[in-house]
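As a starting point, one isolated chain is supplied in structure tokens, in the form predicted on its own.
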């Protein structure tokens, strides 16, 4: 029998050193942890759409057979996305969530020790996937108001720099990066990836620019607005010359049959989903007001389906733990860029009421 230690030495040394990504956990696991029935858990930690998917999705999934492989070129879905985005399907590729597309982009461009610019605080998959692909992350922190530091980014670009990721709206701060700033970055000879995972809640996009800029990529997802987080389906809008290369290196059947059906049915039921988006935006504004009225939180404006706030009086970690004991799950941060901060996903009105009542008890 082979020696386990010798086998482990065959693993890439950089992979052994990588810290695992810390994903959120599903409701049933959270329920078991705190010994509260799953139906009483209020899950506001994952930026998920608590209104759920379109009813058409459930009907279509129940009626379909799954014994055949999906279309590897995602033709029906890409054509439907052409109609939804107004951008020709030749620029569009779908992925198993936008996470897969982040990985594909880095595998396409990054060689060992190539640089990827990241602007924290932001989505943790950018540095994680960079590490997995053997690249080096160059951290250019955002300004105090969470806006991207364009001048610092430009100074950091060198011959090893290949890619920059900017989430807009940004997770976890909820702010957008203005188009003029993105255009400024596009002047550099690197790939600029704008992650618009929360686009439907902000209505701001640079996707129409992609056909005119060979170094601009825009990523989107069905996880947030369409309530399909569990099915993992996203898409990217890419320069035409990159599409063939990405199709070549992706897994052949990367978006499964169920995910493609769900995305197609979502796009056929836009009035329903737009009504839930409207409800989430309305509840976001209500939550922003109610949090500010507590008097001990600094609340940041948001154009996404979540709200970031810093604790001015009290301890964010303790608040996070006490809310968990009451069955309310939110995100807690204590990084150099996010000292004593909480991120709260937008739920339904009853979730807001329960959260605010609990916060009033705690401080």
Ligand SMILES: Cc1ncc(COP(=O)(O)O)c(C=O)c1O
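None of these values were measured; they are calculated from a predicted model. Positions refer to the first chain, counted from 1.
We do not show the form predicted together with the named molecule, though everything after this point is about it.
- In the predicted bound form, no heavy atom of residue 105 sits within 4.5 Å of the named molecule.
- Residue contact with the named molecule in the predicted bound form: residue 221 places a heavy atom within 4.5 Å of it.
- For the chain shown alone, residue 85 is not a contact residue for the named molecule in the predicted bound form, no non-hydrogen atom being within 4.5 angstroms.
- For residue 98, a non-hydrogen atom is located within 4.5 Å of the named molecule in the predicted bound form, even though that partner is not displayed.
- The candidate site formed by 49, 51 and 225 is entirely out of contact with the named molecule in the predicted bound form, as no residue has a non-hydrogen atom within 4.5 angstroms of it.
- The listed set 232, 142, 162, 284 contains one residue whose heavy atoms approach the named molecule in the predicted bound form to within 4.5 Å, identified as 232.
- This chain lacks the partner; the member of 146, 128, 109, 123 within 4.5 angstroms of the named molecule in the predicted bound form by a non-hydrogen atom is 123.
- Listed stretches are 68 to 76, 149 to 157, 260 to 268, 196 to 204; the contact stretch with the named molecule in the predicted bound form is 196 to 204, by a heavy atom cutoff of 4.5 Å.
- Interface residues of 153 to 175, taken as those with a heavy atom within 4.5 Å of the named molecule in the predicted bound form (partner not displayed): 167, 171, in sequence order.
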